[in-house]
Structure formats: structure tokens, C-alpha cells
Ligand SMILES: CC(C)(COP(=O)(O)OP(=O)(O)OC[C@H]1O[C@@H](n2cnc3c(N)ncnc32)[C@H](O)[C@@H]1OP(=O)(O)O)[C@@H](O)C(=O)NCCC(=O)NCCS
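The chain below stands alone and is given as C-alpha cells, in the form predicted alone.
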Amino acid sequence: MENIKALAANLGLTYRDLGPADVGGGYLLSSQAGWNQTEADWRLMLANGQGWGLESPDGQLIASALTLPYGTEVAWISMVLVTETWRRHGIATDLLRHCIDHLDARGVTAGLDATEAGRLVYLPLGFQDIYPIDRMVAETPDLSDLGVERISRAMTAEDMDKVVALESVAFGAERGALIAHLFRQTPDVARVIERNGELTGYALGRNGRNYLQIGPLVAASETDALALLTETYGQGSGTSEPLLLDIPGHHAGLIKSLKDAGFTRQRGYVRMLMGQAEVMGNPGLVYAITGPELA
């Protein structure tokens, strides 16, 4: 903490904790960076995580960093942002180190989804690769020709306990608050697959600033994942807005199917954990993550 406080003082900035009143400032930061978050996303993250920022003398939030706890053993480092005019002063690096120190002092493993360039910064800090992620986008996607049967149904509030339980298995930590938030925000894109009374897959989504993002998407097979996507977007909701999916690289078949449906790879990420290369949960079930800021 002392490093970021000293840096802030040297630059004539104010270091402080972030809270609900910073939703607007955080949204402005992520919008300036071209990111997909909305004010609703910031509201969720600030309500469920812990954040720090730097403020300019005129009261503008010029930098941010958050940690989002999932369960008691892991937390995601998120929204490390610096407005363009204040970059190249070491602010992002010191905020990142502050997040790492904060979690380490509490015995919590830090995780993050790094850009391919960011990965080179995080490796020397002790983060290790878990798996790659491909960001697939389509401005006018057509999922109607993927050739899968309709096997899902709309998610209901009564499904929440089962969805949270399956999410805990897939991700590796409890994420009930996130699941409930996504369902409340966009219930029209929330679907489940149920077989013989057992919930075996689901898809949730959120409306972003630039794209509708589907995720998390958890399924027992690629066929089920395609069915959830088709029924959520192509046939289920009837929407035609731009679509974004962050697909773990080990699901090469799904990535190929999306390319055939008109998607392109926008960029890559790498899932990383501090000090360990062991996977969390069961990544084979995860066909789309929630997004790099939420894991």
C-alpha cells in the first residue's frame, strides 16, 4: 500500500478506497479504454469486491483496481485501469502490486485473465498460466445453421440453487452473487439444460456497452453448448445485436463452429493464478467464461 500512496503523493494525486459513489467514474474509465462494461457491471463489482483508485486534484477518478472474492480461497484482480493522460507513470503496476499484497495478506489466491501483452508483465510477478482464452465476436451473428436440436428451456428463479451448485463445480468456487446478478439483469438470455431432473448445463449473459456477452456457459458437451448458444441467441431471444464470447482455448471445436457462423477472433487472453499452475474447478465444463473482469 505504501508504494501506491507514495506514488500518488509524488504525482499530486489522491489515493483512496472506491465505493458505490464511484460507479460513474469507473464507467468513464472503462469506456475510455473501449471496454465492454456498463454501470451495472461496475455497481456489481464495487458492491461485491474491494477497490482502490487515484483521483486528480479536480476530483476525477483517473485510475482503478479491484479484487473480487469468490468463496474464501480465490479472488479475481479486475479493472486495473489508468486514464490515457496519466499512463506511463507506474500507476497500473503499483495498483496491481497493491491488489496482490492485499490478497496475499489474507491467504487468498489471486487470479486474473491477462491480455497476451499483459501476460509478460504478470509472469515475473509470480502468476502462472492456466489456459488460453479466445475472444470471439460477431456484429451480425447467425447461429441458426449450427444444426443442433432444441434441448434447453428458460431459466427460472427456482433453478438458482442448482445453477450455483454446478457453477461451483465448473469454476471451482462459490459465485452465487454473480449468478443472481446476471439472471436479474438479463433473464431473457438465461437458459438451462435438464435431464432426468438433473441440471447439466446453463447459459447466462449480460448487456455490455458494445456487445451482448454470453457467459458463463457451462455444458456437459460441445453439442449442449451449441444448443444453449443457439437457443439463447439465435432462436431463443430473437435478438440481432452484436455478440461476444470468451471461449477457453481447449474447446477448439466450438471455436471452429463459431468461425463458421461468422465470428472472428478479436484477441486472446490467458487465465493465470498466482503461484500455481493447477486448474481450478472443471474447465472442461466451461465453454464460455463470464468475461476477463469477472472470470
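Every value quoted in this text rests on a predicted model; they were computed, and no experiment measured them. Note that residue numbering begins at 1 and tracks the sequence as displayed.
Heads up, the form predicted together with this ligand isn't pictured, but that's what we're talking about next.
Touches this ligand in the model of the complex: Leu120 (any heavy atom, 4.5 Å): Yes, Leu120 is a contact residue.
Proximity of Asp113 to this ligand in the model of the complex, heavy atoms at 4.5 Å: Asp113 belongs to the contact set for this ligand.
is_contact(Trp52, this ligand) in the model of the complex, heavy atom dist at most 4.5 Å: Residue-level check for Trp52: no, no contact with this ligand.
Distance check, Thr93 to this ligand in the model of the complex, heavy atom within 4.5 Å: Yes, Thr93 is a contact residue.
Contact residue in the model of the complex, chosen from Ala219, Ala75, Leu81, Ile133 - any heavy atom within 4.5 Å of this ligand: Checked against the cut-off, the match is Leu81.
Heavy atom within 4.5 Å of this ligand in the model of the complex - the one residue of Arg88, Arg150, Arg195, Arg106 that qualifies: Contact with this ligand in the model of the complex is made by Arg88 alone.
Partner-proximal stretch of 171 to 179, 121 to 129, 209 to 217, 157 to 165 relative to this ligand in the model of the complex, 4.5 angstroms, heavy atom: Only one stretch qualifies here: 121 to 129.
Stretch 35 to 55 - residues with a heavy atom within 4.5 Å of this ligand in the model of the complex: Sequence-ordered list has one entry, Trp35.
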